[in-house]
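This document starts with one chain, in the form predicted on its own, laid out as structure tokens.
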Amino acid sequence: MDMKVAKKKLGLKDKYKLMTRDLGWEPSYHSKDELYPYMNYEGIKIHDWDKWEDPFRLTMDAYWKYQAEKERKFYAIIDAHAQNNGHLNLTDARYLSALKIFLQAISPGEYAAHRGFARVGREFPGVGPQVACQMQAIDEIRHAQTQIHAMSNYNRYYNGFHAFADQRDRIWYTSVARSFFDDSMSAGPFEFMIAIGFSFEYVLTNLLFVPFMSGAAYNGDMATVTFGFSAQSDEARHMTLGLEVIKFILEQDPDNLPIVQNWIDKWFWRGFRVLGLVSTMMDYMLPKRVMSWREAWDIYGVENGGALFKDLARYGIKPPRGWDDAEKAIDHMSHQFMLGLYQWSFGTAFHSWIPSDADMDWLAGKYPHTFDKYYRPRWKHIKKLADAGTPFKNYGLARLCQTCQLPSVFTEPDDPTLTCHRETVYKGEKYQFCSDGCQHIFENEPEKYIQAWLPMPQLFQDPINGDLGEWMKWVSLLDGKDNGDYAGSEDQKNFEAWRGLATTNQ
């Protein structure tokens, strides 16, 4: 009689190999060059794809198990948040301006990253990166969906949430994040991995998800905190994947070093410019703040970033080209960008306001060498104009940077009283830039950036033809409801009325 033999349980390493590397095969009736045409496009040399290591050794069956558990917890919490009028637990409805920017600029970026990873997973011949890209593509679309679902409850009660998809494509300040992702998605597969794995995941995510999600908790927004925590384990995996890509490429061939260094220089600066939005959200848009942008940068930029570049120094990688200019800008960028958002608030899908005396005292304490000297006098002057019934609004068209698409609101690295402006001529056309970093990126790839879609010229094209009202219709902006000053807005009145009613009924 035959004896039943217990099946030997596979170890983690063997199971990982069986469900990833062993799924690959060698092509027979097409060459690898035909199947993977972009592998030689960027000049990167890969000699052995089997050297790719996934530090998490995550297989698809384990992935679905973990994600399903997170989904159950996430939707249970946001359902409870909606049923218990969680939107009334906010410190102040001003906080919603930060969420509106997040929904209009960052959440569509998650979807763009999903599309990008789905593409490059097809373009890599190695099975290890194919599986890793497949998982990250699913992560990114899940993040976009959970962020939209978490914030959808606010759309029932407040203005400015209704048309984030249209505004992502058409409104001026969201083109900053849009151009970042369009730039990465139109790059080759290796550069895309550096752009997202290093710049978006390591530089941007650290400075957005950790301190900003803490700020959401401080301001009573448990829906946003929940999607932040739900994504954290994914983000840790993404950052690790991004560093693994850099190390893998550098270990394959010494000729890869200058290419990777150039990408790190470029994508650090591109990511840093997107962080201009994040700095303003942290310093100005959280009624109850957990830390300043400067404090967040010191922890997640200087300490973590410094440790990363020390680790990569053994491969010959140096700190990014714009690192020193970024450090000089930290004490200025949130103030300069908020001043820009205030003067153009008629063209935004969120509210702006003049900081209170208490807010300005807090900012002065966090920025002792810059705020009182350069920015408090400006805010006092703006407040004086508002009190006189002549609020400061700038109806002129901002000069946009051809690379990052931000208005030229930033100052020279060594002179905060002088607006930074650079320009170059290419094929007879003049192009404008907000910094040396953006000009350098343009001059390395001019044919790419001359094709950039800039929102300001759209004002003079059909169907707008210079009519501000037509432009507002085109960007789905409800004038007087979505934009303008927070004081006296529908959002402020509704929030205070509903919270007062809820307190009375308790």
Partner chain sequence: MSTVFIALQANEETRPIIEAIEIDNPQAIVHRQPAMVKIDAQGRLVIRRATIEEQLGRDFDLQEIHINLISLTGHVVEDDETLTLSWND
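Positions refer to the first chain, counted from 1. Predicted model only: the values in this text are computed from it and were never measured.
Omitted here: the form predicted in complex with the partner chain. The next part is about that form.
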Test of understanding: in the predicted bound form, would residue 80 fall inside 4.5 Å of the partner chain by heavy atoms?
no
In the predicted bound form, is there a heavy atom of the partner chain that lies within 4.5 Å of any heavy atom of residue 58, even though the partner is absent here?
yes
Contact test in the predicted bound form: residue 247 vs the partner chain, heavy atoms, 4.5 Å:
yes
Should residue 243 be counted as a contact of the partner chain in the predicted bound form, where contact means heavy atoms within 4.5 Å?
yes
Per contact check vs the partner chain in the predicted bound form (non-hydrogen atom within 4.5 angstroms), the hit among 363-371, 310-318, 121-129, 270-278 is 310-318
Which pick from 76, 257, 165, 217 sits with a heavy atom within 4.5 Å of the partner chain in the predicted bound form?
217
Going by heavy atom distances of 4.5 angstroms or less, which of 50, 33, 69, 26 would be at the interface with the partner chain in the predicted bound form?
69
Check all three, 12, 236 and 303, heavy atom within 4.5 Å of the partner chain in the predicted bound form:
yes
Does any residue in 188-202 get within 4.5 Å of the partner chain in the predicted bound form, counting heavy atoms only, and if so which ones?
202
